[in-house]
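Let's start with one chain on its own, the form predicted on its own, as structure tokens.
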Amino acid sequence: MIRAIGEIYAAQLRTSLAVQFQYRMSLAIWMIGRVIQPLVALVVWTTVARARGGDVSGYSEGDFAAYFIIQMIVTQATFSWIMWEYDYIIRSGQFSFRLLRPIHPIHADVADNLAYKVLTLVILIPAAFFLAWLFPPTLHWQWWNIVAGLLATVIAFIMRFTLEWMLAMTALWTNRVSAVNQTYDVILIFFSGYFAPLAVMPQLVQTLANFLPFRWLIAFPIELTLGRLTPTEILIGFGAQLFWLVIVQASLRYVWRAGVKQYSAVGS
């Protein structure tokens, strides 16, 4: 079974890479936007740090540089666009053809996402070095921080993709998918550490972030990689990731079954 799925993924990845490669200019444009975000954030927070004597809630200029450079990498590794596409896929009837395939449709979407990320590495890696040259980062990591950070990023990718694929299924019930997606994005930006390190956010945001899944998607892998967490905080972080992973996986199974029934009822 595992070998069969592996062969299916290998074939899908080859197909996805070939398709993605046909849109090289589009990929470059999207990656420019991915680089601009941390660049703007670094300019803003570096200015704030200088205005406050070089430190904001424990983050110096070099700390902000390290945070946003790693944030660019973690965000690129974990993000997906799938919830913005399924409205069209369902309305156009393409969803029916996906249901006829012998495997779950999510596997093809995962392969497409991974193919995109493989191709954009040629832009992401030079961009990270470029930002490090413009804004020298302060790094205090050890080898185990990097390994643990990679593991946390992989878990975050699985959790985020599952969560957003589940949200994409709301298109089976409503035409106002964009409102759901925009609400999700706003919440993600403020509670995940994407906008800024959670340490510089208001206390209420920090407290709520501990009880929501979003911190464990972005902020936790970054802080872990940078060596800013204690052993206890690391264990809590991995525990929270696994807890939310189980929750979203179980929720996806329920939403998928209910969604297919809804789609079949409308289609009939």
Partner chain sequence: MNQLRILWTFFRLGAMNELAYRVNFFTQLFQAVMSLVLSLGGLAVVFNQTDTLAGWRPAELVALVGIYILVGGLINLMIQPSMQRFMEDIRMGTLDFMILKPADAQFLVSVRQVEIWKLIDIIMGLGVLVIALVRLGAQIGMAQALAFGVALLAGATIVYSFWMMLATCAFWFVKTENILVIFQSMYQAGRWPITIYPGWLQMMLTFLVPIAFAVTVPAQALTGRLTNQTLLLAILVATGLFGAARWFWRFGIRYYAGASA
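Positions refer to the first chain, counted from 1. Since we're looking at a predicted model, the values are computed, not measured.
From this point on, the text means the form predicted together with its partner chain, which you will not see here.
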note = Within 4.5 Å of its partner chain in the predicted bound form, heavy atom basis, the matching stretch of 68 to 76, 120 to 128, 181 to 189, 147 to 155 is 181 to 189
ask   = its partner chain isn't shown here, but in the predicted bound form which of Ala240, Val56, Ala209, Ile234 has a heavy atom within 4.5 Å of it?
value = Val56
key: is_contact(Ser26, its partner chain) in the predicted bound form, heavy atom dist at most 4.5 Å   = yes
key: in the predicted bound form, His140 touching its partner chain (heavy atom, 4.5 Å)   = no
task = Give a yes or no for Leu134: in the predicted bound form, does one of its heavy atoms lie within 4.5 Å of a heavy atom belonging to its partner chain?
result = yes
inquiry  = Contact with its partner chain in the predicted bound form for Val200, defined as at least one heavy atom pair within 4.5 Å: yes or no?
reply    = yes
ask   = Using a 4.5 Å cut-off on heavy atoms, which residues of 43 to 62 contact its partner chain in the predicted bound form?
value = Val43, Val44, Trp45, Thr47, Val48, Ala51, Arg52, Val56, Ser57
